[in-house]
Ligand code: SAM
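Quick heads-up: it's one chain on its own, the form predicted on its own, in structure tokens.
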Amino acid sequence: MTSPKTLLKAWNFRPNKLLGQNFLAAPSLAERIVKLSEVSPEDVVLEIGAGLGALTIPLARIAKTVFAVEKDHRLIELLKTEILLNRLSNVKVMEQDILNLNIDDLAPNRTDKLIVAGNLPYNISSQILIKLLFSRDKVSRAIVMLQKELALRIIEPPGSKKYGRISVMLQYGAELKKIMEVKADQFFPKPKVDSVMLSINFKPKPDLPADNEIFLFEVLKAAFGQRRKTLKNALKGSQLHLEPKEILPILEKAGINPLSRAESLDVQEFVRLSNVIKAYTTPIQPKLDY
């Protein structure tokens, strides 16, 4: 594997900070990530942010097919050239914004499930994870590199100041495991923060399903949007169309102390709260703007 610095210089390419471009610089690390991903010859892999092919190439040597998604059109020819030089024919390079990609198109049959891999761009990592959560009927698991702060927030338990709505959302729909930490000097250009590799195994069915998942996430937005307030007051000032007189009966029916704050509730308590609130409210058109 040619070093990113050498490769980028040869192609007269400058990384784009706005796209969060930090490329894996160590071939041994890329090989280790692929090994930990436990990809098999029967698997179809969706790689997010293929970049220079550091993960694409070792993934393609094992997997049945790799859909290598890359948004930056300047990298497409470079990536295709690297794949060609490695004599790989099972990679489909896609110039695409992952947030606009229809994942169903990659796994059209109900029995097909993708494995997602990638060093996720820091600036849109949360949005990508939520997209994968809502595509879990087509995605079995994800092995992704994230900014350390975000990764640790996702796996944080209730009661912590770092525990937030994305923690609840991912813990609701997946089993999460920290695989390893990666120092910033393993990337080029060197980012300001270290990274963490997470394993995200999506649950076929949540332990306690919400009546409406999108509504559950709207409830999380309301609760954590004013996290310093008690739930009673946070819900009072939210966009959930609740009458003030309804809030205490809702919390009582859900079995939640009205003086609790959002970070003290576990996933199942939020699901119960969401299900009770939904029975009290008029329909809303929520937007997943995470």
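None of these values were measured; they are calculated from a predicted model. Note that residue numbering follows the sequence shown and begins at 1.
The form predicted in complex with the ligand is left out here; the points below concern that form.
Checked against the ligand in the predicted bound form, the candidates Leu78, Leu88, Ile124, Leu150 yield a single residue with a heavy atom inside 4.5 Å, and that residue is Ile124.
Among the residues Ile83, Leu220, Leu198, Ile98, the one placing a heavy atom within 4.5 Å of the ligand in the predicted bound form is Ile98. By the criterion of a heavy atom within 4.5 Å, Ala54 is counted among the residues contacting the ligand in the predicted bound form.
The closest non-hydrogen atom of Asp194 lies beyond 4.5 Å of the ligand in the predicted bound form.
Interface membership of Glu156, defined by any non-hydrogen atom within 4.5 Å of the ligand in the predicted bound form, is ruled out. At least one heavy atom of Val69 is located within 4.5 Å of the ligand in the predicted bound form. Contact annotation: the ligand lies within 4.5 Å of heavy atoms from the stretch 46 to 54 in the predicted bound form, the single such stretch among 252 to 260, 235 to 243, 46 to 54, 222 to 230.
Applying a 4.5 Å heavy atom cutoff to the ligand in the predicted bound form picks out Leu19, Gly20, Gln21, Asn22, Phe23, Leu24 from 9 to 43, in order along the sequence.
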